[in-house]
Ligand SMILES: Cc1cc2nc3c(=O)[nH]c(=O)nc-3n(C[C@H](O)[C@H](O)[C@H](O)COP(=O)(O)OP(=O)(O)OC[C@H]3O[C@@H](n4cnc5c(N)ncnc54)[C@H](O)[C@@H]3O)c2cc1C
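First comes one chain, alone, set out as structure tokens in the form predicted alone.
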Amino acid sequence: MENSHVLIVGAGPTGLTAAVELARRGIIPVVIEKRKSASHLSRAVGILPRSMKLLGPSGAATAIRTEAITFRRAIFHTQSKQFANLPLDTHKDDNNRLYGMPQNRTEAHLRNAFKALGGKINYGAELLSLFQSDTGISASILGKAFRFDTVIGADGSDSVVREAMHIPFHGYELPEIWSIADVDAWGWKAPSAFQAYMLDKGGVVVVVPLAKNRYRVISNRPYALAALPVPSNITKLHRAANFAISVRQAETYQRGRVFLAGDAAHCHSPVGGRGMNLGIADAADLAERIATGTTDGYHSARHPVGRTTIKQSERARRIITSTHPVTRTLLRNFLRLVQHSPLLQRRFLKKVLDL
């Protein structure tokens, strides 16, 4: 393991973004990942314009753009009946588009950018313990002790870094079980559209394009594919799983020279598709601060953004999963109104794209 004064724990989108942005500034960090190899699973899907802008200087955004799906429309249904069809690609700036791609492919492009800048990822290297003193940070990795000046915890919601620093992770668990399925399917209607299906009793199913003929199906019911109210010609099931949702935020993103970013700092529901993008923004901000010696401003800059994102995500989740008939009727009527109002469409698009 090469010498470096920066250790990044975790090689997901957040850790890889931090690695790329540090390397681009002449700081090659040590990156460790406890998995034996790169993940083949896809968690996050949507990539926002702000993330693409942040990933532009390294070349990662260009590589992502050549492969990603551009979301053209958002189509909403009650059961199987469509009630609103909203454009997502009408912003006058062609760079302001919403892209979709499996997370493992986003990670692949970030890895390539990091390697091109001279970095490497140490897979199968698990952080066992972390201790910070006035003279530096001692990290036990694979049973060996290493010294670092700075550590970035990008190791997810069960962060070992956060636990080692005894940073509280305030929040709660949602009681319901959600489900996910990644599938190949042929002949899907509107293959470049985000599609949402409102079911009875607060149920919802969302279908998101990932690649040509590949889709992500998410539901707040136990079996996403079974909950889908329209027929689907599925040719391959990549994975299907249930998951619980935690809504939490670290009390502080910084303790001395140890920093948290991404899911190690905050986690929330997938509604709104902000999770990975929030982590990318954390990482880019932190990398610049490490390079410029302005890290003391990291927590005050990023913690409020995380708090706002969590509140917005929860507000949206409560609305779309509401069992109250008035709330669901108001949501449908609002989306129908947006469909027929260019002004509201522009405002809706600005909100979706986080501009």
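One rule holds for the numbers: they count along the sequence shown, beginning at 1. Quick caveat, the model's predicted, so the values are computed rather than measured.
Omitted from view is the form predicted in complex with the ligand, to which the following refers.
Contact with the ligand in the predicted bound form, defined as any heavy atom within 4.5 Å, is confined among 20 to 28, 343 to 351, 330 to 338, 7 to 15 to 7 to 15. Between the ligand and the residues 69, 320, 44, 64, the one pair within 4.5 Å by heavy atoms in the predicted bound form involves 44. Screening 131, 243, 83, 146 for any heavy atom within 4.5 Å of the ligand in the predicted bound form leaves a single hit, 243. Put simply, residue 156 is close to the ligand in the predicted bound form: some heavy atom of it is within 4.5 Å.
Of the heavy atoms in residue 311, none are within 4.5 Å of the ligand in the predicted bound form. Taking the partner from the other structure, the ligand in the predicted bound form has a heavy atom within 4.5 Å of a heavy atom of residue 35. Taking the partner from elsewhere, residue 270 is found to have a heavy atom lying within 4.5 Å of the ligand in the predicted bound form.
For the stretch 253 to 275, the set of residues having any non-hydrogen atom within 4.5 angstroms of the ligand in the predicted bound form comprises 261, 262, 263, 270, 273, 274, 275, in sequence order.
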